[in-house]
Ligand code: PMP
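What follows is one chain in structure tokens, specifically the form predicted alone.
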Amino acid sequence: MIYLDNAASSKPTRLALDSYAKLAELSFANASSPHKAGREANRYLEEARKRILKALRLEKTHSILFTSGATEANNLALKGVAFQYASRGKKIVSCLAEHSSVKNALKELQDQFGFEVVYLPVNSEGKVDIEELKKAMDSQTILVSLMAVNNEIGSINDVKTLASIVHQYPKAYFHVDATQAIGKEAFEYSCADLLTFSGHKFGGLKGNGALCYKKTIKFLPLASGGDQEYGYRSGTVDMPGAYAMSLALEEALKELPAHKAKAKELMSALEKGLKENPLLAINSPKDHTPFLVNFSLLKHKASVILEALSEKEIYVSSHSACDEKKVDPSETLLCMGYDEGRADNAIRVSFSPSNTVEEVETFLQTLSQILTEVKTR
């Protein structure tokens, strides 16, 4: 098997797996229970919070609550803040290239609750244009949501500069979806008022995510229940998963320079091979994250080629995994100026530190062979 879909989900690290198994077996009590076993579980939960905030250098400014993943974290960040501060204004600014968990949450706020949502385009490099954000901001803006690294093409936004623009408006909070950035790109995350991510993107287990937020921010909870997670996210917390995620995060950030150097080597080999094939065209901009490369099939249908690769146990993707059932062309690629055919037949390859150049070369050889055997569209 050659697994090149790490942007969708990465393999859990041995450290994360071992810690999860140990805590799930030996400290299985509810972290909200008042007895000794519950207090012991809660100690691990609070340690996980401290580990993550310290690793991200947010311990002085932010709090953290655990969720089931980035989708839930994004929904709580957007809806919880919008409902809480609606009296200040009802304008939200985001981008057409955001993840579906952001765009669909905002669509609901717009359609069902009367919020005004302004969607910024991306430029030819897949990035948010600084001047476009400046034009969109006004005194009624209460929230801006822009991702750090694009999940389709790997473009990297200038988060610090974007934050400086947002913070010129005292009513506005800045949310950053850092799901594809954590453990891959170095950011000054303290500039974000709200930060969301999923653990399974950097070696944690599925079903675990987090929302880091400035200590001054309040939310209107989306689920009613007990007082878990400061009353903002009711329900029993997956303590072993949260703790495993904290260990995976520490490890990912510690090894980021080495992992990024490895990813650059893989990216270089991949892009060299892609450029040599006249049936393919790279969509990712020049300065994209090396962990993710997006390219289009110029004469073939992506769905057919993906299935052919899958039959040979080579796994890549076309859209974000959350959008895989969609048949619409990539809105991100359309915004970048590509035509519908190219936007509809894109493939995403994404790396982990365990991938090798030999795997990339096998992928390229197999892809080339498949393209010669399959009919063009």
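Computed from a predicted model, the values in this text were never measured in an experiment. In case it trips you up, residue 1 is the first one in the sequence shown, and so on.
Another form, the form predicted in complex with the ligand, is not on view; read the next lines as being about it.
Comment: 67-75 is the region of 114-122, 158-166, 275-283, 67-75 lying near the ligand in the predicted complex, near meaning a non-hydrogen atom within 4.5 Å. Among heavy atoms of residue 184, none comes within 4.5 Å of the ligand in the predicted complex. The ligand in the predicted complex is approached by residue 147, whose closest heavy atom lies within 4.5 angstroms of it.
None of the heavy atoms of residue 193 is located within 4.5 Å of the ligand in the predicted complex. For residue 296, no non-hydrogen atom is located within 4.5 Å of the ligand in the predicted complex, even though that partner is not displayed. Scanning 289, 94, 246, 180 against the ligand in the predicted complex with a 4.5 Å heavy atom cut-off leaves one residue, 180. A heavy atom within 4.5 Å of the ligand in the predicted complex is found for one listed residue only; from 90, 262, 233, 99, this is 99. Shown without its partner, the chain has no residue in segment 259-279 with a non-hydrogen atom within 4.5 angstroms of the ligand in the predicted complex.
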